[in-house]
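Next up is one chain by itself, shown in structure tokens, the form predicted alone.
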Amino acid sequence: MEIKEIVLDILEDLTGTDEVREDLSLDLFEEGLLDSLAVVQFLVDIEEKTGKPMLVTEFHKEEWATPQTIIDKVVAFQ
């Protein structure tokens, strides 16, 4: 499975909406779809599905605001 699909599957589960697939520029924090607990769960899930650890210290809210920026960041870590 491609990284993009893995990220979108996780985001859809965490946010409970398929808007994350339809609008890759959706600001997840401004829309109230992600919070700090959801981010930690995302990092755990992405590590579990890709086998690559992603540290919470690598997480900067501004760089992870939208589905597309998250996909780009995860691809960069692979």
Partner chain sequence: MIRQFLSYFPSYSPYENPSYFILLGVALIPLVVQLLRGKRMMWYQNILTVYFLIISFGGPSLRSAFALCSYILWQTILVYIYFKYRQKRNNTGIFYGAVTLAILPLFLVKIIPFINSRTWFEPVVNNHPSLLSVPSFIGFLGISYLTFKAVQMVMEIRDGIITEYHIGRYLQFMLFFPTISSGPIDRYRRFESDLLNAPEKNEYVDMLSTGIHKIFMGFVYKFILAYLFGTILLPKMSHAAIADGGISWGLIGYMYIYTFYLFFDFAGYSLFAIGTSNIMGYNTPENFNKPFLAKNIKDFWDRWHISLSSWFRDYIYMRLMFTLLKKKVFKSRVVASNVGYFVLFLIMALWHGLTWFYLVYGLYHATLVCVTDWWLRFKRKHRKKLPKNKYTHAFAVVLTFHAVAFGLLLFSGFLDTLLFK
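Everything quoted here is computed from the prediction, not taken from an experiment. Residue numbers count along the first chain shown, from 1.
Below, we refer to the form predicted in complex with the partner chain, which is not included among the displayed structures.
Within this chain, L14 lines the site of the partner chain in the predicted bound form, having a heavy atom no more than 4.5 Å away. Taking non-hydrogen atoms only, T57 approaches the partner chain to within 4.5 angstroms in the predicted bound form. Using a 4.5 angstroms limit between non-hydrogen atoms, G51 is distant from the partner chain in the predicted bound form. A residue is said to contact a partner when one of its heavy atoms sits within 4.5 Å of a partner heavy atom; K61 meets this definition for the partner chain in the predicted bound form.
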